[in-house]
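Taking the form predicted on its own, here's one chain by itself in structure tokens.
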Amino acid sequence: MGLLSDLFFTFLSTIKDVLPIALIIFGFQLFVIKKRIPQTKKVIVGFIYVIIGLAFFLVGLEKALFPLGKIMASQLTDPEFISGGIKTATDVIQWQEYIWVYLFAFMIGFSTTIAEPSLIAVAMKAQEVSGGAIGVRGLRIAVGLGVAIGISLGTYRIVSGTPLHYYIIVGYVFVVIQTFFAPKMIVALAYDSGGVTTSTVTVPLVTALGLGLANTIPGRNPMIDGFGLIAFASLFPIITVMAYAQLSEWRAGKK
């Protein structure tokens, strides 16, 4: 009964979230453009599918993926797991001891990004408007690697306790420099790629991982150290997508 209740209230909340979007689209179509909505029945059915799908998806995240991120973070930072039996974490608080945390962050960052619906949609549109010059698979892998590298570096920042702004400042300086040398066709798409990663699949797991690490590593503040991983997930895909375009351009020139 608890699950059905959660699903019901999530369904109502999803309707409330989607309704303004529908009102804006239908309102502009009927009162500004002043034309009938083409294939009205299909559009309405599509909105219903969206609402049902989002409701199930959000309940699944809340019940499975979000707790899983916290559990994995606590298990991977358990002093007994890290040191093979040491009970106190004070003896094993060296950053290199957390290699499994970095590896898990890399893999979870890559896999969640590849599954991100917003990234799939952007990649398909990019392939369509570029006439096939930008591949769906290549773009998704480039963005996935960027998120994976960023989250791995972000977990290192949490473990080491170093300030967040140092990484972000250096990263964006690198992005600005890289922008001058990347193919102009890819720059706007690369910047957008940083935004599509902060969506329904990636955010819950990455946030749970960051908070879990900050809660289990001694000396870390969940409010100060637990958040910030999403910033890495937004920054590094910009770098990897432009690098992907630069590498493709270099290979084409060499041929």
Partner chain sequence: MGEGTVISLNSAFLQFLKSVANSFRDLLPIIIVIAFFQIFIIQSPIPNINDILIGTLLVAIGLALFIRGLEMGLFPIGETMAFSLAKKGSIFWLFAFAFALGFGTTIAEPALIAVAGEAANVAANGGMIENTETAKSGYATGLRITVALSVGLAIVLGVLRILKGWPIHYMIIGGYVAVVLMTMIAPKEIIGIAYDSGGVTTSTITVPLVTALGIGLASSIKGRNPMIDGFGLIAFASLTPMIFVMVYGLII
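Residue numbers count along the first chain shown, from 1. On a predicted model such as this, the values are computed, not experimentally measured, just so you know.
Only in words, not in the display: the form predicted together with the partner chain, which the text now covers.
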In the model of the complex, L12 touching the partner chain (heavy atom, 4.5 Å):
no
Whether P218 contacts the partner chain in the model of the complex should be assessed with a 4.5 Å heavy atom distance threshold; does it?
no
Decide whether F104 counts as a contact residue for the partner chain in the model of the complex under a heavy atom distance cut-off of 4.5 Å.
yes
Exercise: S160 in contact with the partner chain in the model of the complex, heavy atom 4.5 Å:
no
With the partner left out here, which residues of 36-61 have a non-hydrogen atom within 4.5 Å of the partner chain in the model of the complex?
I37, P38, K42, V43, V45, G46, F47, Y49, V50, I52, G53, L54, F56, F57, V59, G60, L61
